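Given as structure tokens, the chain that follows is alone and in the form predicted alone.
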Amino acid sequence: MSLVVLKLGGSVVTDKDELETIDKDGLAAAADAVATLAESGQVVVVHGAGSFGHPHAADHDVSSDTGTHDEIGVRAIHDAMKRLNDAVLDALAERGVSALPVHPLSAGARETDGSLSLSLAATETMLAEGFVPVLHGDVIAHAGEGATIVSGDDLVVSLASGLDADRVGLCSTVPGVLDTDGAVIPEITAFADAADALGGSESTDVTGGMAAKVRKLLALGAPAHVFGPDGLSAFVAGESPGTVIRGE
């Protein structure tokens, strides 16, 4: 049975400019896509933080590089992500998807060098028992730093490599990785292919934006598709929308 890891960007399922606000149409379309994928194979879903996690992380000055030992800040970020995760789970349940949460704060940690150690035991067992695990960007214990942010993109890399995924998809609000003229770059095999065009997200984002996404996917060493909401149906159908990133 094929395994798909699908990342739903926070900008797809939330209104990133309105605090803790779900994009109902975006979430509905994403949930429809997951339901279709789940009918024919195994699926692991990862969703971003959007207007739930990012503002709280910014308020407490926490990022993927800057940590905190303030448990109140850690809980504020994590609790916001659990609220968003609940909304995603509810949308999937409405479509008959047997989705269950996997919270990274309790499933992994970062080493002193920043490398991510993510236990896959719960995810693997859920998949074997017919469930759809749903992970999310989160705050995570970090040796020597207290707690830092783990992005959905980091999770995708760990999941896809650790579970030997057959396909990887990352859906955001842009149709792919864009060049300096605003056109989709069809394929990236090295960071230099798109270095001139890559920049950060316009909304508050503590995980590094598109440049960080491309670097992480190149490190995956397997093809990954970056596409917009309009490309969801094509990805579900087995096509290759947006940009294909192939690490060499």
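All residue numbers refer to positions in the sequence shown, first residue = 1. What you see is a predicted model, and the numbers here were worked out from it, not measured in a lab.
Just so it is clear, the following notes concern the form predicted in complex with Isopentenyl phosphate (IP8), a form of the same protein that is not shown.
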*May I ask you to decide between open and blocked for this site, after superimposing the site C-alphas so that Isopentenyl phosphate (IP8) adopts its pose in the predicted bound form, counting ligand atoms within 2.4 Å of backbone or C-beta atoms with 3 as the threshold?*
open
*Look at the candidate spot formed by Lys7, His54 and Ile77 and say whether Isopentenyl phosphate (IP8) comes within 4.5 Å of a heavy atom in all three of them in the predicted bound form.*
yes
*asked:* So if I measure heavy atom distances to Isopentenyl phosphate (IP8) in the predicted bound form, which of the stretches 85-93, 99-107, 145-153, 122-130 falls within 4.5 Å?
replied: 145-153
*Between the options Leu159, Val168, Met81, Leu135, which residue brings a heavy atom to within 4.5 Å of Isopentenyl phosphate (IP8) in the predicted bound form?*
Met81
*Does Isopentenyl phosphate (IP8) get within 4.5 angstroms of any non-hydrogen atom of Leu217 in the predicted bound form?*
no
*May I ask you to state whether Val45 is within 4.5 Å of Isopentenyl phosphate (IP8) in the predicted bound form, using heavy atom distances?*
no
